[in-house]
Every structure is written in structure tokens, then in C-alpha cells.
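For reference, the chain that follows is the form predicted alone, supplied as C-alpha cells.
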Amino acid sequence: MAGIVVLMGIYTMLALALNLRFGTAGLIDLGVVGFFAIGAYSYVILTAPAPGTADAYMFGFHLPMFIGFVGSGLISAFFAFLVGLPAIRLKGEYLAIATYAFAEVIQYLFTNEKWLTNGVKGFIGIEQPFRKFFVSANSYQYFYAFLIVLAVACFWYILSRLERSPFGRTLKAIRENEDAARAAGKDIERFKMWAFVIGAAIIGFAGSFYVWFTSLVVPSLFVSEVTWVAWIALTIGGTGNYKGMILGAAIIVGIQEATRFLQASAELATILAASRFIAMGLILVLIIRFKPKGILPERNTVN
């Protein structure tokens, strides 16, 4: 149960960041998993020990966990800034294509550049925070679930306050009518860039939390499914409503993980695995048909 709460919390962080980008600023971002991977690998490279004779990677700075955690968000934000320089002026599906291409490039880069990421072997046995204070793995898992809930609450509070600030109201004005916001003297590209970069920082932090949970990082963990799950959570919960992100992530991750506990024969195992995607798709269709604005729709939308 604690593991499910952890996964719900991590996907909630991704959905919160995506909601800032799309729900508040109107940026269609399909590169969530790319920044997620950058955050995870940044943490590992900053905190990993120096490479041994059997390792292919060249850099392991062996820095404290806190430095690695902060670095994961900052490095992810820096890459978002670099991507945003040419891409932030793109609109609609063009920005979506650009961010999706970026995520695919990152995935291939981390798979093939052994000198940086240790290739497909990745990193295993990563130290978890405060683990030495717990005798059993079970008790630590409950503590880590509490840590994740606390982190989600902090991100939700920060983004909710940001939404109600002049910055958030400007982003909504840009989303609703970009030409009117520009006529009012707003620097459209600068505000969009800030939303893009802040969202990437949160996704990068989520990457660190994911590394702590799995105790490993390999390229196969960072596939496009991560981005789609975040988008489905956003759609189900309610675009533009940060509370909805918590609900959406809880529903979609709950469905995914609940099927893992069902007893099935070897013949039904493949069908059961596919049923997770069928269930997600069915719920998404029903939400779009009957609740197109999500279960918890946005309030006080700028007209």
C-alpha cells in the first residue's frame, strides 16, 4: 500500500508541473518524461561514487544527497531553458512535436552514452534518504510514503499560491487570449519561459524522488508512457485545477497498481497486463464524453 501511495505522489508531482505548463499557461508539452529522466540522472551523477574498473561512466561526484536533490531540479530547469529558447515561440501542436522529439532524444542519449549514464546497465543500489534509521524495509516504505505526501503538499501549496499571484493570472490571460495580453504590454515569451522552466524543475525533483523509491535508474524506466499517464491524470482530474491533479493521479495509478494484485494464471498474465491500458483508455473516454473539463474543473477562469 505504501508503494502505491509513493507512485501516486510521484505522478501527482508530474501532473502538477504539467498543469502549470498546460492548464495555466496553455503550453502543450509532450516532453515530461525527458525532464523526468534528466532529474533522475542528474541526481545519480551528482551523488554517485567515482567509477570503478567495471563501470563505463566517467563522472561520479559523490556529493551529499541534498546537493543532488537540489541539482536535479536546477539541471532539469536549465535544460528546459535551453529547449525553450527555440521552442517557446511555437504554438499548439508544433510545441508538442518539439517537446516530444526532445524526450525521445534524451531517452536515446541516456541509453547509448555509456560514458555519462553507464548505458543500459544504469546505476543500481542507490542509497535512500534516512534509510539507516529504519531496521525493516517495510517501516521505511511507510516513512517514505509520508515523505512523498509531504512533498506533494508543498508543491501543491506553492503552485496554488503561484496561480493566484499576478504571475499566475498573467499566464491565464495569455492562455485565454494571447493577443490581448500582448496588447496589454505583457512579455508573452518571458512568462511562458518561466512556466516552462518552473515546471521542469518540479519534474526534476520528482525524478529524484523516483530514484530514491526504486534505488536504481536505467533508461528503460523513462519511456513515453510516463508522459501519457501524466496527461491522463491531468485530463481526469481537471485541467487548470491543482486539486484535480491529486485526484487524477490517484485514480490512474490506483487502476494501474490494483491489477497487479489480481491472481491470474500464466495464460491470463498478458491479458491482465493489457487490461491496465484498456481501463485507462476507457476511463479517459468516459471523462472526455461526460466530464470534458475533468472531475474537478477549473474555477475563476480568466475571460
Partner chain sequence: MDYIPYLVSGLVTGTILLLGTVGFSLVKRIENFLNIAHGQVLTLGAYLGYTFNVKLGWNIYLAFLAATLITTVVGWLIFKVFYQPIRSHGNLYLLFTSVGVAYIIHGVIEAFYGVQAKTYSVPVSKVLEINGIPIISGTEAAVIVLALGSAFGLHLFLTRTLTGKAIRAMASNLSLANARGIDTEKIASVAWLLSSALGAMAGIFSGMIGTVYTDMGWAVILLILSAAVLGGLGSLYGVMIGAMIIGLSMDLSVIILPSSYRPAVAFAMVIVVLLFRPQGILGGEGH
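Numbering follows the first chain given and starts at 1. Values in this document were obtained by computation on a predicted structure and should not be read as measured data.
What follows is about the form predicted in complex with the partner chain, which we do not show.
The contact with the partner chain in the predicted complex, taken as any heavy atom within 4.5 Å, belongs to 228 out of 140, 228, 79, 123. In the predicted complex, residue 215 stays away from the partner chain, with no heavy atom inside 4.5 Å. Within this chain, residue 278 lines the site of the partner chain in the predicted complex, having a heavy atom no more than 4.5 Å away. A residue is said to contact a partner when one of its heavy atoms sits within 4.5 Å of a partner heavy atom; residue 127 fails this definition for the partner chain in the predicted complex, lying far away. When the partner chain is considered in the predicted complex, residue 201 lies well away from it, no heavy atom lying within 4.5 Å.
Only one of 228-236, 203-211, 69-77, 132-140 places residue heavy atoms within 4.5 angstroms of the partner chain in the predicted complex, namely 228-236. Contact here is defined as any heavy atom lying within 4.5 Å of the partner chain in the predicted complex, and by that definition not a single one of 41, 253 and 257 is a contact residue. Residues from 91-122 that approach the partner chain in the predicted complex with a non-hydrogen atom closer than or equal to 4.5 Å are 91, 93, 94, 97, 98, 100, 101, 102, 104, 105, 108, 109, 112, 113, in the order they occur in the chain.
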